[in-house]
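Let's start with one chain on its own, the form predicted on its own, as structure tokens.
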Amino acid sequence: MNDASREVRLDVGRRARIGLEEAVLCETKTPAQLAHILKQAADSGRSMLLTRLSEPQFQALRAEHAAVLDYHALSQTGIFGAVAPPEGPARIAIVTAGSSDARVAHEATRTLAYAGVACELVCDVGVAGLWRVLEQVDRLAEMDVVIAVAGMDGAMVSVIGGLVPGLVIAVPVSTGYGAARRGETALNSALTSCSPGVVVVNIDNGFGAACAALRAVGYARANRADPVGAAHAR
């Protein structure tokens, strides 16, 4: 048994339990670990979502793995294997305050795309030009979930939370100067928002926000095998 096989244990039953598959966080994984993971996926015919996959890590993948990996450099995500295209009208919107927030926003869009769930991306509508977000309010109000991605002071989150009826999920982003403190100021702003019902994920966590949105729209429940209920039935 090689080191990679001892170091990696995939949670293949996660979708059966909670309706959401495990994603592979690649940031600190070695080439050998990634090769082992992707070989397991290929051998079992599974698709897989990879997050925080850097360009050098992607370039170092084995040719047979890279050939079937849809890599998106900006979001540092990879979709391994075939997945169904998104169906139906978008019920989830992802909104960025600025173009600097695009990496995190695209991590969320790619997570939803992997799940086969349509979303609408609205970029660069921060409150420094308040008219930009106000132009989008009618459309955003139609959504079941709005993922609001913002760095700096994170003010856009409260503005959207006070204008739309759907669930607002705040994603503080580590963009901004000095006192922005790599996203801590935006995080605190979202946590103390006076807009009622706003929920918050961790800094730069586009993946986590997308998973929360999938739970909110019922995707996770619909895709869960309910092993606990099945056991009780027996």
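Residues carry their position along the shown sequence, with the first being 1. In this text, all values refer to a predicted model and were calculated from it rather than measured experimentally.
Although not depicted, the form predicted together with a further copy of the same chain is the subject of the following passage.
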Within a 4.5 Å heavy atom cut-off, is P85 in contact with a further copy of the same chain in the model of the complex? no
Answer for S44 alone: is it within 4.5 Å of a further copy of the same chain in the model of the complex, judged on heavy atom distances? no
Can you tell me if Q57 lies within 4.5 angstroms of a further copy of the same chain in the model of the complex, counting non-hydrogen atoms only? no
Heavy atom to heavy atom, is G129 within 4.5 Å of a further copy of the same chain in the model of the complex? yes
Going through 98 to 123 from first to last, which residues have a non-hydrogen atom within 4.5 Å of a further copy of the same chain in the model of the complex? S99, S100, A102, H106, L121, V122, C123
